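The chain below stands alone and is given in structure tokens; this is the form predicted alone.
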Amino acid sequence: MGPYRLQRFPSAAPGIALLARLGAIVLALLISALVLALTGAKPGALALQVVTASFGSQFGLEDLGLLVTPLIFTGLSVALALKIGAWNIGAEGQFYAGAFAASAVGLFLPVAEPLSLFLMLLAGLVGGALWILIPTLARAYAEVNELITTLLMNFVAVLGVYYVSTGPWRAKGANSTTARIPAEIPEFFGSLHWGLPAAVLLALLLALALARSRFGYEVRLAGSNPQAALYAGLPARRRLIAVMLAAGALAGLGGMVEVAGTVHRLQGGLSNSYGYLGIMVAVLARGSLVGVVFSAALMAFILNAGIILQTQGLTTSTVLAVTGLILFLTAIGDELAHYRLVRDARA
């Protein structure tokens, strides 16, 4: 038997990847429990409280569902852009742009509710796509790095929504919100609305379209090997523009769903950083659009656990540290799953 060495493979076996991720989460929880115990806290009681509050009541399940929904949309936005080799760091701004456009329709266009919802949906899609248009054209025609341009557009959108919700659109008697938007997405489980199953279905349809269509093949080829795409004569620039605009539209749709299904009004702080968290969701999904649903569920549980822990006396800094450790070790576990022991033929 010759010596062995570690070799990294392009893909990890699904079973190994799952075990690596679960092991990383368990390790992060054990480290967090040890640190909390050293500070005098009772990690066992805290863990039981988190699980009970999250899964032991309808209220807890509703909270998880309402957190998962926007994270799926923003995660899909980032993951779709990654398919073409682009980093959409601007899902936060596109989320706000979609919410702004949808709110404008819902507040100022007096039509019947079903039609209003449909027009709000279109407005959310268009708003998100328009917000990524300038970074898209800059990347496609001038090779300007989309990391910077999409990130900077976030601040403009966030501040713009703060301005209209505290100024021109502010409701009478309110400090920083618009009036309630009449059109609402119907609910099916307490406060949980149909935006959640729609988000899951959208992830499945997008994954299927990219896997089975010619367009999806060209996108995957252009994203994985741009030179080969150019050599094959594929319209790589047009595919880049189409995919980035679709990514912006997805995030904008998430903003529309948040406004029409959860918050029912436009306000500052609407996103709760869903756009930035969508980056982590997409990274944890490792390029899988279906995987976005599961990583969004994990992220939602972590966020909800943080809220619960704060009600039990833990500081925000402690909660952020635990959350960061879980995500950090999970990312490491995902990477280690690509390595395997192989026999060294050079020996």
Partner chain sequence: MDLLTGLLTTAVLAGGVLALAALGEVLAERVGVVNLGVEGLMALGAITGIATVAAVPSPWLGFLAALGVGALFGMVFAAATVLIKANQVLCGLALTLIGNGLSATIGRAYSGMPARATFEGVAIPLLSEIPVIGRAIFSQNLLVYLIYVILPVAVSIVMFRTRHGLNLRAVGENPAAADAAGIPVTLMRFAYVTAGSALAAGAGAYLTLAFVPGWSEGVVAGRGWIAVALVIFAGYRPLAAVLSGLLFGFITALGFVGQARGWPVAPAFLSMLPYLGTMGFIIVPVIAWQRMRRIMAAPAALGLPYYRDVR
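Positions refer to the first chain, counted from 1. All of these numbers come straight from a predicted model, not from anything done at the bench.
The discussion below concerns the form predicted in complex with its partner chain, not included here.
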Residue-level question: is T149 within 4.5 Å of its partner chain in the model of the complex, judged on heavy atoms? yes
Any non-hydrogen atom of A33 within 4.5 angstroms of its partner chain in the model of the complex: no
Even though its partner chain is not shown here, does Y141 get within 4.5 Å of it in the model of the complex, heavy atoms only? yes
Non-hydrogen atom contact S57 with its partner chain in the model of the complex at 4.5 angstroms: no
Is every one of R8, T323 and L336 within 4.5 Å of its partner chain in the model of the complex, counting heavy atoms? yes
Which pick from G160, P235, G268, P182 sits with a heavy atom within 4.5 Å of its partner chain in the model of the complex? G160
In the model of the complex, which of the listed residues (L196, L125, M153, L245) lies with a heavy atom within 4.5 Å of its partner chain? M153
Of these, 59 to 67, 41 to 49, 313 to 321, 288 to 296, which stretch puts a heavy atom within 4.5 angstroms of its partner chain in the model of the complex? 313 to 321
In the model of the complex: members of 74 to 107 within 4.5 Å of its partner chain, any heavy atom: W87, I89
By 3 Å or more, the Cα spacing of S271 and V319 differs in the model of the complex; is it closer or farther than in this view? closer
Tell me whether A203 and S11 end up closer or farther apart in the model of the complex, going by their C-alpha atoms; the shift is 3 Å or more. farther
